[in-house]
Structures are given as structure tokens and as C-alpha cells.
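Just the one chain here, the form predicted alone, laid out as C-alpha cells.
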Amino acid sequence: MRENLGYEKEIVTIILYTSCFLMVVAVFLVVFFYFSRKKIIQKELEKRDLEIYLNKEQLHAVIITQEDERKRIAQDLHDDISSKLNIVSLNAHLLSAPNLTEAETKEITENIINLTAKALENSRKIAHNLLPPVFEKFGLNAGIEELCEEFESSKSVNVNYTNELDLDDKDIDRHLHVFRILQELMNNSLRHGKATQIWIAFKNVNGINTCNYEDNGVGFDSKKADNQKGLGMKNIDSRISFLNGTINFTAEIGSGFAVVFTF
């Protein structure tokens, strides 16, 4: 009888210890999962806050770019087109003056014709900068070819452009971002990099449209944040974001500038 009672006590003791152990493990697991979940939620919130911040930065960059573009167009219209039209108006009033000789009338008329022609030409250039007609009619590939020819016409840089992609001309909105990115990069290569050679190549890498851009300019220290801002990287980053693409660039002082972006 005593042996049975002792055996039963041992079983009860074992059950109690086992129950206590399981309760401690359960509490530990609950606490562990609670803090793990809390940490995951905190990281998700931090990630969301970062995404919101980046979206705001990108939107801010786009707005600044648009405002700068509007200011540039307004300045061009005021300084160039308006001034020429004012002179045309003055010359037109001169034609109504009495006692004009035939030579004076001819000279004034020629001035009006020349100024009007220049105003028309400059208005075409302003419209071309907004959206090149070749790009609108024939697509991205033709637009870039014309852009390269324009840069080469300066006789200060040679541009080597190759395209292995079959680009859909209907995707003009997305391709316009690609065009503006290259336009920005080429302007920087010429203005800041003092490059004499530029290479642009469109390729399909693992099913992804990729652009390789490189120049032989003076380069810069890519580790400095100020250099990235100076190259208009915020504007480029915004366009890359709209394209759902990626961008990586490398640069060293004296070794040119290279960019790879997807779109």
C-alpha cells in the first residue's frame, strides 16, 4: 500500500513539474512571439514611413523640375519671342509714317520679315525642347538618334548609340522618361564632365530593358552626396521610380562616369 502511495506521489510530482515546465515554455513562447511580432510591425512601419518619405522627395523633385521648366520657357518667351515681336510691332508702326522713301519702306519690311522668321524659328526650338517632333512621330529610338546628332553638331563630343531592343512606339509616356534621363545625363557629361566621347547602349538583360551609359569625362567622387545633387540625380531618380526601374552609377575623378538603368 505504501509503495503504491509513493508511486502515485512520484507520478503527481512528475505531472506537476511537467505542467509547470510546459506553462513556463508557453509563457516564454507567448512573450517571444509578442516581441517578435512587435519588432516586425515596427520594421514594417519604419519601411512604410521611409516609402512615404521617398515618395514625397520624388514628388518634390518632380514639382521643382516642372517649375524650373516653366520658368525656363517663360524666360525664353519673354527674352526672345516677346522682344522680337515688340520690334516687329514698332517696325509695323513705322510703315504708317508719312514721307517714307521706297528704300526706307523696303528696309523696314525686310526687318519685319527677318524678325518674324527668327521668332518662328525660336518658337519651334522651344516647342522642340518640350517634346521633339521626331520623338512624337517616330518614337524613342528616332528621338535619341536625333538627340545624338544635335550633340555631335557641337563638334565637341562624339556619341556612339546602339539599340538592340524592339521598342513599342505606343509606350510614348514611359519612353519620354527614358529620353529625358538620357538628355539629362548627356547635358551633364558635356557641361560638367567635359566629355569628348559618350556611349549609349540599349540591351535586353535577362528579359529586362537596360540602358548602359558611359562617358570619358573628368568624372567626380561618387561618394559625395553633393555631387549626386549637382548631377540632377533627384530628377533622374524620380523618372526611374515612375518607370519601376533601377539605376546604378559609378564615377571616379579622372575616370569618367558610367550609369546602368532599367526601364
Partner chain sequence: MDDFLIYFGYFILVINVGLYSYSFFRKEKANVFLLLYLVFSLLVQFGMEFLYHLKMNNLVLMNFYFLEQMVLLGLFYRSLYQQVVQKKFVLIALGLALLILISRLVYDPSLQFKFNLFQITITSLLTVVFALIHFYNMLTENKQYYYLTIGVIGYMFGGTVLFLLGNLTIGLSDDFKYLSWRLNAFLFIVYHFFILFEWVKSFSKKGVKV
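Here, rigid core means the biggest group of C-alpha atoms that superpose within 1.5 Å across both forms. Please read all numbers here as calculations on a predicted model, not as lab measurements. Residue numbers count along the first chain shown, from 1.
Keep in mind that the form predicted in complex with its partner chain is not shown, yet the notes after this line are about it.
S.K.: Using a 4.5 Å heavy atom cut-off, state whether Ile11 contacts its partner chain in the predicted bound form.
M.R.: Yes, Ile11 lies within 4.5 Å of its partner chain in the predicted bound form.
S.K.: Though only this chain appears here, would Thr18 touch its partner chain in the predicted bound form if you measure heavy atom gaps against 4.5 Å?
M.R.: Yes - in the predicted bound form, heavy atoms of Thr18 and its partner chain come within 4.5 Å of each other.
S.K.: Would you please decide whether Asn204 lies within 4.5 angstroms of its partner chain in the predicted bound form, comparing each non-hydrogen atom pair?
M.R.: No, Asn204 is distant from the partner.
S.K.: Is there any non-hydrogen atom of Lys39 lying within 4.5 Å of its partner chain in the predicted bound form?
M.R.: Yes.
S.K.: Where does its partner chain sit in the predicted bound form: which of 233 to 241, 28 to 36, 191 to 199, 208 to 216, heavy atoms within 4.5 Å?
M.R.: That would be stretch 28 to 36.
S.K.: After the core is matched up, is the C-alpha of Val205 off by 2 Å or more between this form and the one not shown?
M.R.: Val205: C-alpha displaced by less than 2 Å between this form and the one not shown.
S.K.: Comparing between this form and the one not shown on the rigid core, is the C-alpha shift at Thr18 2 Å or larger?
M.R.: Passes the 2 Å threshold, so yes.
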